[in-house]
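Encoded as structure tokens, the following chain is the form predicted alone, with no partner shown.
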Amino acid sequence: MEAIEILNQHKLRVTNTRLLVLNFLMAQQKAFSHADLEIQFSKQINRVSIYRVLYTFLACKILCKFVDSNARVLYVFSAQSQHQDEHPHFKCNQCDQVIHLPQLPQDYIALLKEHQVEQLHLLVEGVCKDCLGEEKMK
């Protein structure tokens, strides 16, 4: 799906700023912090505009947000922007690739719904199969 289609699907105004950020994130399989995006777009977009785009994309579930073991808040494009339930992510510590893992089991979700959950960040960190394969070839 194209960036313009995604913005239209979520009834968001198509702007150059949104398109730049969304196209960049869609082309990656990595997660980026706000600071990473500031550096990436330093000549085109100011930091407040980047923050607003991230906030809007999170609200529409176009992006997923999580905190890594270094306490960095990271954002990654979610190809399944329709997901309603939280799901864990796997982040490779060597190549920084982020993989969306399957949604949590229904009994787990049901138990969480008994409480007022304000944020849920589930992140598994390690070495992806591609990097493991490269290590075996060395």
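Take the two forms, superpose them, and find the largest set of C-alpha atoms that agree within 1.5 Å; that set is the rigid core. A residue's number is simply how far along the shown sequence it sits, counting from 1. Keep in mind the model is a prediction, meaning the values are calculated, not measured.
Just so you know, the form predicted together with another copy of the chain exists too; it's not on screen, but the next bit is about it.
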field: Full three-residue contact with another copy of the chain in the predicted bound form, heavy atom 4.5 Å, for S69, E118 and E125
entry: yes
- prompt: Pick from C60, M26, V73, C95: which has a non-hydrogen atom within 4.5 Å of another copy of the chain in the predicted bound form?
  reply: V73
query: Just one of Q103, S49, S33, Q40 has a heavy atom within 4.5 Å of another copy of the chain in the predicted bound form. Which one?
result: Q103
query: With the cut-off set at 4.5 Å between non-hydrogen atoms, does K11 touch another copy of the chain in the predicted bound form?
result: no
- prompt: Though only this chain appears here, would A79 touch another copy of the chain in the predicted bound form if you measure heavy atom gaps against 4.5 Å?
  reply: no
message: Is Y108 near another copy of the chain? Define near as a heavy atom within 4.5 Å, in the predicted bound form.
response: yes
- request: Answer yes if any heavy atom of Y55 is within 4.5 Å of a heavy atom of another copy of the chain in the predicted bound form; otherwise answer no.
  value: no
query: Any CA movement of 2 Å or more for Q119 between this form and the one not shown, core superposed?
result: yes
